[in-house]
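As C-alpha cells, one chain now follows by itself in the form predicted on its own.
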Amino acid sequence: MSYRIGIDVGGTHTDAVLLDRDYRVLAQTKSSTTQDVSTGIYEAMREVITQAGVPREQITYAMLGTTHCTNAIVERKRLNEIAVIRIGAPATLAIKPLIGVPEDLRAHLGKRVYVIRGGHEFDGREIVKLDEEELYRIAQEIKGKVDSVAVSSVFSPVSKDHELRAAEILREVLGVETPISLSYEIGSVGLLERENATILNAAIVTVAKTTAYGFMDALKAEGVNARVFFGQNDGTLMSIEYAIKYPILTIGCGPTNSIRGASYLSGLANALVVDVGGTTTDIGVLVNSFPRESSLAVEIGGARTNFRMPDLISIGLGGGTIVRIQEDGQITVGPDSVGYQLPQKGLAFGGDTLTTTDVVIALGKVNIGDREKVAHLDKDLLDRVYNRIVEMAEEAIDKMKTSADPVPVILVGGGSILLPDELKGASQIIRPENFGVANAIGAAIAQISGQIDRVFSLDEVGREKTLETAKQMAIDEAISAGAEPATIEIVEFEDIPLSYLGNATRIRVKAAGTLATAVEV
C-alpha cells in the first residue's frame, strides 16, 4: 500500500488528511494555525499520522499548501536582501523599478536597483545591445551583499535572450548557488507588473527553502521518508526544487486547494465553490475541474503583479466572524473575526464574544457548543443576523456568476455550517462528505502542471508549428515540476492574436499530469 498526506494552512486552521492510494480519507484533523505557521503544520501532520496508524514507511507523498510566502510579503518579514536589475535603458528610464509599491516594501527591496542598456521591441527586435560590461560591474558590486537577484528585460516574454545572458554573467561572478529570478519565467506581458512579481519572487526564495526543508525534516523525524510537493495557485502541485525556484506561485494556493478538493469530493467539473473558513469566505469558479484564472493584475502586499492567480472574491464572513448589535438595533457582521480563538471566545463555548457560529447554534441549526449559553439571545434578532449572513453569501455568489442562470454551488470549509441548503442563484447546494477538510484533500489529490503565457511571432515558423511549440513548452514545464510524462494532457489553451504587434499572437497553455512515480532517494 501507498499513502499520502495533504496539509493546507488557512488563516484560522491548519487542516491535514491522510489518504490511501484510492484517495479514501483514513484520517483527518484540524489544528489551530500558529503565529509561525510551521508549528501548526507539524502538529497537524503528527496528529494525522498517529490517528491513521498506517506503517510510516508506506507514506510516500506529502503535499503542503502553505501561507509562509504570502505572510512574509504582507508582514515584510524574513525577506531576502536582493538586487533588482532591469534591462531596458534608455527606453524605460522614465519609470523606475518599484514605482507604485508601498514605501515600506520599497525601502526593503529597493536598496540595490539598476537599469542597464538592452531589451527588445514587441516584435523581438533588439532595442540596443545588452551592456555586458555594466552587468559584470554590477555583479562585482553586489557580490557577497545579496541573497538573490531579480532580472527583468523589456518584452522578455517575446525574447528572453538578454535575461538568459544576464543570468549567465551573474552566475559566473556570484556563483551558481545564488538564486536568480528571470521575469520571462514568472509574469506575462506588462513590464512593471512582471518586474514586481519577479522582485517578490526573489525576495521569498529563502523563506520557501526554509519552509521546504523544515517540513522534510519534520517528516523524517516522524519516520516518514515521503516525496514532498507544494501547492501552487492554479490548483496543482510542484516539486520542492520548482517551489524553491518559483515560490511566488505558492501565493493563493489555499483557495485553489479548496476548489480542487470540492471538485473531487462532489464529482462536479463546473460549479461555484464557496469555501467558508474561520475568518473569510472565498468564492471561486470551477472550470473543467480547475479554478478559473483572474485576467486582472493582482496586488500582493500592495505591489501590482501579473502572474497567474485564481479568480476569487473574498468576504469577511467565517465561523469566527464577530457580530455586533448597536443600541439602535443595527446589526454588523464582521469583517473582523476571533479566528482560531473561537473555542475560547465564542459565547456558546463559554467566552464573551457573539460570533456567527453562536448565532447558528442558538437557532438550532447545528449541534455543537452549549446551546444553553446562547439561549438568552432574542430570536427575532438572531433571525435578522442569520438573514444578513445568508444575504452576504448570496451577493458574493451573484458577483462571481457570468450569467443570470442558477448554477450548482459546492459548500466546503468548516465554517460552511453557517449556510443553509438553499441559496438564491444556486440550482443545487452540494455539501460533500469531508467538506470541512476539502482544502487538505485538494492538496493531497492534486495533479502536477506546467503553464506558459508568451507572445510568439508567427513570421518565423508559421502558426501550426508555433502552437505545437507552445504546447510542448507547457508539457516540458509540467515534467520539470514533477509530472509523469506519459500522463500529461493539455487542459487549457488560449490563443489571442495581437494585431497591433503585427503577425504576433499571445498563447497561454496549461498542461497537467499525475505525479511521477520515481522514488526520491
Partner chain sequence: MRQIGKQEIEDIAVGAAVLGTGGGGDPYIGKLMALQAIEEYGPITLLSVDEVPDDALVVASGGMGAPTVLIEKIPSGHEVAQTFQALEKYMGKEVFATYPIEAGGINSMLPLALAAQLRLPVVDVDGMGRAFPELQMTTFYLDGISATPMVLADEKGNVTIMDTIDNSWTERIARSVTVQKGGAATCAIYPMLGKNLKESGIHSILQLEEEIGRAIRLAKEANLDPVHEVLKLTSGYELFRGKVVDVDRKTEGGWARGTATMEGLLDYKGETLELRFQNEHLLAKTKESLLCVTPDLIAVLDAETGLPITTEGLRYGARVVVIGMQCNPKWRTPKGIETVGPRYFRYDVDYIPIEELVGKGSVAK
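Residue numbers count along the first chain shown, from 1. Treat the numbers as computed from the prediction; the structure is a model and nothing was measured.
One more form of this protein exists, namely the form predicted in complex with its partner chain; it is left out here, but the text below deals with it.
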| property | result |
| --- | --- |
| Stretch in contact, per heavy atom within 4.5 angstroms of its partner chain in the model of the complex, of 399 to 407, 214 to 222, 333 to 341, 441 to 449 | 399 to 407 |
| Heavy atom of Val176 within 4.5 Å of its partner chain in the model of the complex | no |
| Ala375, heavy atom within 4.5 angstroms of its partner chain in the model of the complex | no |
| Contact flag, Asn367 vs its partner chain in the model of the complex, heavy atom cut 4.5 Å | no |
| Contact test in the model of the complex: Gly100 vs its partner chain, heavy atoms, 4.5 Å | yes |
| Among the candidates Arg292, Lys345, Lys160, Arg308, the residue which, in the model of the complex, approaches its partner chain to within 4.5 Å (heavy atoms) | Arg292 |
| Listed residue that, although its partner chain is not shown, lies within 4.5 Å of it in the model of the complex (heavy atoms), from Leu192, Val228, Ile73, Ala271 | Leu192 |
| Heavy atom of each of Arg106, Ser156 and Leu296 within 4.5 Å of its partner chain in the model of the complex | yes |
| Contact set, 88 to 102 vs its partner chain in the model of the complex - heavy atom within 4.5 angstroms | Pro90, Ala91, Thr92, Leu93, Ala94, Ile95, Lys96, Ile99, Gly100 |
